[in-house]
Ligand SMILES: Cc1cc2nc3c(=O)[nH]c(=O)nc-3n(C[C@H](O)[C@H](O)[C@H](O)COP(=O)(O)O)c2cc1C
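The form predicted alone is given below as one chain in structure tokens.
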């Protein structure tokens, strides 16, 4: 598949068929991820490939438990409604044939200037974002569908880290749902025009 066609075809898919993902294809996607650029080439990533249904369901259950508790604890109707919409978006990884937990570790290079310590995490996350993007594009090129989600981590990071055995300095960034789409993808949500998001100087 042509590179630009791959970029145009990639969409976030959250409903999958039961068709398995070939192990060799997973390795190809992971290799694509690890070829991404990273700050000072530290490659601050680790990917946990989860095919075990019980573990995925256990992860889903802890996210749901925290989410439901958050819903019941708030009196703000707007927030309650927003949290309710997140039920599916934060747990769809459990129904995918493969879920990939994406881990990062703080950037070890230290800050270049006078920025606060969070700079180390920022540079690690920038590196992780590039690796995830390459993995998603590789999945598309191989004929699979995928979706990166940070929502599970927003609700139950520590609980999920305990379930998958993540230990400091590693921390969970998000999950990737991976498999064959259950149905044809809908038309892509419109993108902003280049004129709106780009500025040329010189």
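Numbering follows the first chain given and starts at 1. Predicted model only: the values in this text are computed from it and were never measured.
This next part talks about the form predicted together with this ligand, which is not shown.
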Only hit among 66, 133, 151, 49 for heavy atom within 4.5 Å of this ligand in the model of the complex is 151
Sort through 49 to 57, 30 to 38, 156 to 164, 143 to 151 and report the only stretch with a non-hydrogen atom within 4.5 Å of this ligand in the model of the complex.
143 to 151
Is there a heavy atom of residue 10 lying 4.5 Å or less from a heavy atom of this ligand in the model of the complex?
yes
Applying a 4.5 Å heavy atom distance criterion, does residue 14 contact this ligand in the model of the complex?
yes
Though only this chain appears here, would residue 194 touch this ligand in the model of the complex if you measure heavy atom gaps against 4.5 Å?
no
Can residue 188 be called a contact residue for this ligand in the model of the complex at 4.5 Å between heavy atoms?
yes
